[in-house]
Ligand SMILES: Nc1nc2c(ncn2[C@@H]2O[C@H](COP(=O)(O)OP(=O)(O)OP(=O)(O)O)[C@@H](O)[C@H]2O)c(=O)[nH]1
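Only one chain is given next, in structure tokens, and it is the form predicted on its own.
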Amino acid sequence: MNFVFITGTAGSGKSTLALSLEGRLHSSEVDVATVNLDPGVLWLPYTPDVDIRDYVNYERMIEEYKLGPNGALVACVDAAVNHVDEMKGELEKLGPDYVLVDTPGQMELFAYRDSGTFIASALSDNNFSVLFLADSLFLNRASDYVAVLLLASSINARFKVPQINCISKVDLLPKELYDRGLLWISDPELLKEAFLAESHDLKTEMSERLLDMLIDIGALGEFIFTSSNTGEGLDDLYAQMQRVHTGGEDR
């Protein structure tokens, strides 16, 4: 089983992408299973094959331990560590080629806690990649996009596995911003010029040095433009998943 953990900024469309990507893999006759790791979600656009909500109860956490909403989410994700073997057993019975894991809406709940990295490693037997998703709103300004690059790099530093970076909802972008975003992705120096044109102060200088470092070590990588509404980018995304997990083969 090849695991792809979908993480990213809040509201970027992780669950919707999981649904669209599931459909894309099915169209290639690839067996796929979905896992929901968000204990607080009330509704999902897909029906998960494995669901953390079957093992931990968000509302009960709030009531029994007198926790706030965020504290209860943290407690649920931490408690899920005790149920990894059970979730893994469910997946082994299904035996899919790919497992799409939809992580909590708040990225920090999964990505920046030890419980998140443990769940990823234990559930997948260390055979996993990360799909980082950012909303196309971050292409409105160069400084916003630089912030996304830093977030993507921090995720890569946390998990230290192959990572596929995507921009979501590109069908909502005006053509001017769409084309400019593609230029920023293909030519980091153009991004740097636009970034410095916004302002120049001490904070900008620090960010500029960080951006220079990312450019120098080639850490920016490629961001795939995707749309769950139109299907744009799903072929490229699946092709990248194949390269990461199977050397380009369908399975």
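Residue numbers run from 1 along the displayed sequence. Nothing here was measured: the structure is a model prediction, and the numbers come from that model.
Below: the form predicted in complex with this ligand, not depicted.
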> Would residue 90 count as a contact of this ligand in the model of the complex, using a 4.5 angstroms cut-off between non-hydrogen atoms?
Replying inline: no
> Using 4.5 Å between non-hydrogen atoms, is residue 169 touching this ligand in the model of the complex?
Replying inline: yes
>> Using a 4.5 angstroms cut-off on non-hydrogen atoms, would residue 105 count as touching this ligand in the model of the complex?
In response: yes
> Going by a heavy atom distance of 4.5 Å, is residue 240 a contact of this ligand in the model of the complex?
Replying inline: no
>> Tell me which stretch of 93-101, 170-178, 149-157, 119-127 has a heavy atom within 4.5 angstroms of this ligand in the model of the complex.
In response: 170-178
> Any chance all of 9, 14 and 38 sit within 4.5 Å of this ligand in the model of the complex, going by non-hydrogen atoms?
Replying inline: yes
